[in-house]
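Given next, in structure tokens, is a single chain: the form predicted on its own.
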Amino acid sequence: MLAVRQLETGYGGTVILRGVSLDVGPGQVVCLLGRNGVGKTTLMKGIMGVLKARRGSVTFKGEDLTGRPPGVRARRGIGYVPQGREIFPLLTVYDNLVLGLEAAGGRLRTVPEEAIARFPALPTLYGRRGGDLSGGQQQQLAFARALASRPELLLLDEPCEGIQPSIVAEIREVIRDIKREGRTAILLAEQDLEFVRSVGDYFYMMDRGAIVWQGEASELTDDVVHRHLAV
């Protein structure tokens, strides 16, 4: 479904990603691991088109999207929950959700019930401004907003960062439900090792802007973790 090949990108004159390649198959949960600052968020932005590729390619469902802007990628079926959530703080929860429909390119007129049903607390917050929510509530809103367009691929960048354990557990179950349904693939960047082991099918490790290891859950041993994640 997603094929990234030898992707190079960065900020200004600084190259962060150096020849990154990875694949995400239909219905898979693929996890991206690595210490802070190794390039996970940069890779997510490169896949979404927020950062332009200097070299390499991003192909989605057989279509080369390398030179296409983020809006086109969203309308092709890629949803994105960025690190820091990036909800609209002055808009209501409901209006934030409705904005998620823009990525559907006119296919949908109302927010799908299944996107809301995954986070039962959201309807009770519809009239509140996004900026007045807790960090965990904002994460739920950002997740539901990305699901509103019924994406075929979902990019999740550090969804557990800075939120309470109860909402982390809720997000875990949402990811497991999506995985069971098999309609949406997920690329998950996350530092919580226990969390990714509980949801992931395949794993990539990053260091200094490059993929340094990849393998299945059975291959993600303590030795691999110590070698690439220990400080």
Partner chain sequence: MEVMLLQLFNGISLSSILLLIALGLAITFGLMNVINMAHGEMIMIGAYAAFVTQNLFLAALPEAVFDWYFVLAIPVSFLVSFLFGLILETSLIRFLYGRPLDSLLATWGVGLALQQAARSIFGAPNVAVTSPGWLNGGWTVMEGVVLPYKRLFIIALVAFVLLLMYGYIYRTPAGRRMRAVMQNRDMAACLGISTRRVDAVTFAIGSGIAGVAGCALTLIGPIGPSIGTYYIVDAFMVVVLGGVGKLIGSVLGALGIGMANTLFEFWTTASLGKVLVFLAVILFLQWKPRGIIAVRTRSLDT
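This one's a predicted model, so the numbers in the text were calculated from it and none came from an experiment. Numbering follows the first chain given and starts at 1.
Absent from the display: the form predicted together with its partner chain. The rest refers to it.
Review point. Hey, of 46 to 54, 60 to 68, 167 to 175, 200 to 208, which bit sits against its partner chain in the predicted bound form at 4.5 Å between non-hydrogen atoms?
Key: Answer to the contact question: 46 to 54.
Exercise for review: Spell out, yes or no, whether the shortest heavy atom distance between Pro82 and its partner chain in the predicted bound form is within 4.5 Å.
Suggested key: Because a heavy atom of Pro82 falls inside 4.5 Å of its partner chain in the predicted bound form, the answer is yes.
Check your understanding: According to a 4.5 angstroms non-hydrogen atom cut-off, is Ala117 in contact with its partner chain in the predicted bound form?
Key -> Ala117: no, not in contact with its partner chain in the predicted bound form.
**Study point:** Contact flag, Asp132 vs its partner chain in the predicted bound form, heavy atom cut 4.5 Å
**Key:** Contact check for Asp132: yes, within 4.5 Å of its partner chain in the predicted bound form.
Exercise for review: Verify the contact flag for Arg75: yes if a non-hydrogen atom of it lies within 4.5 Å of a non-hydrogen atom of its partner chain in the predicted bound form, no if not.
Suggested key: Yes, Arg75 lies within 4.5 Å of its partner chain in the predicted bound form.
Review point. In the predicted bound form, do Glu86, Pro89 and Arg145 all put a heavy atom within 4.5 Å of its partner chain?
Key: The answer is yes: all three residues contact the partner (heavy atom, 4.5 Å cut-off).
Practice item. Consider the chain as shown here, without its partner, and state which of Leu122, Val111, Ala103, Leu153 has a heavy atom within 4.5 Å of its partner chain in the predicted bound form. Key: Exactly one residue meets the criterion: Ala103.
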